[in-house]
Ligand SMILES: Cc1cc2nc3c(=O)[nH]c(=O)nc-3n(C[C@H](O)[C@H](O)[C@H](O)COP(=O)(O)OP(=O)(O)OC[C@H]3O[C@@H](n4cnc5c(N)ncnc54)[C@H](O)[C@@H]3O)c2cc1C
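Quick heads-up: it's one chain on its own, the form predicted alone, in structure tokens.
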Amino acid sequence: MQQTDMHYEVVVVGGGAAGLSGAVVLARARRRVLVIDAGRPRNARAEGVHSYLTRDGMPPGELVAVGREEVRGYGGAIRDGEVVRIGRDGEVFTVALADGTRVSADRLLVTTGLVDELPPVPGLAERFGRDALHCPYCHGWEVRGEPIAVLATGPMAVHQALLWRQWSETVTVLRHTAAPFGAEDAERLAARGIAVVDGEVAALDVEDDRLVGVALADGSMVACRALAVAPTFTAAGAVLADLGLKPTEMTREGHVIGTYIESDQTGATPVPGVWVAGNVANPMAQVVGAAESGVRAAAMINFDLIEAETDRAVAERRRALAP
């Protein structure tokens, strides 16, 4: 086995809600566990976490800080750093960090999340997570009753507009790069009082650090206080490539909306010893769902270790009793 700095029973790659929740379960199960976190949370720009019972409105950074302390409180270790490669040496995984550190593990829990690939509209990235929003369940309450524009980039735009209509009576679809809507979709939008504006969006109009509208390529303006967008949810799973795990495309109505690492309902991947949880496995999961998936995966990892330990104990007992 290649020389490493430390060996753990479980290394968790990614220190968000999924990874930290899994690490707490493993540490409470008396496992030697290390969480490695690159410090690039997807929700860093959001003002608060929502739909997470007892944690509603908590800043994402605070949630992570509290989670880290809980992991440490049960004897788990936290390390800041970026994992650049994961390999396998026999039954043991080797994890290489950007700073040259190498650690090894019997099992892996990968919770590296995803990257939101945004439509190429000037100024959009700077507003994302603030008033350029992708999830009404995460942000809808905060913009309730405000004029909301939907940036249409694919066939899910009608669904998106009808969804946001629950939070505001003033919803406008900016058709942007989406194909023209069919008669049925147009009727459904009209029935809910949702206007459709043709033309590509050229820029966002921001005053006093607040979105007030969008500018179209023809120079016209559409007022709005929030812009609903549909990013491509790209799994941050590159470190799993050397283990043979590559992202799978997620499609809706023939349109690729993201990628994910395939796993069963416990988070177990086709590679023995490797589990995934959170947005890297389920792009649609909110924070509370990501945390739950980390808990579930961690419980199965612990059970898998117990099974392996029991098999070794049985083999040793048979050898000891053999004539």
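So that there is no doubt, residue numbering starts at 1 and follows the sequence shown. What you see is a predicted model; the values in this text were computed from it and never measured.
This next part talks about the form predicted together with this ligand, which is not shown.
Only one listed stretch (215 to 223, 121 to 129, 242 to 250, 177 to 185) carries heavy atoms within 4.5 Å of this ligand in the predicted bound form, and that stretch is 121 to 129.
Contact annotation: Ile301 falls outside 4.5 Å of this ligand in the predicted bound form, judged by heavy atom distances. This ligand in the predicted bound form comes within 4.5 Å of no heavy atom belonging to Glu200.
Contact check for Leu151: every heavy atom lies farther than 4.5 Å from this ligand in the predicted bound form. Within this chain, Pro59 is remote from the site of this ligand in the predicted bound form, having no heavy atom within 4.5 Å.
When this ligand is considered in the predicted bound form, only one residue from Ala27, Ala46, Leu34, Ile261 comes within 4.5 Å through any heavy atom, namely Ala46. Applying a 4.5 Å heavy atom cutoff to this ligand in the predicted bound form picks out Phe128, Gly129, His134, Cys138, His139 from 119 to 145, in order along the sequence.
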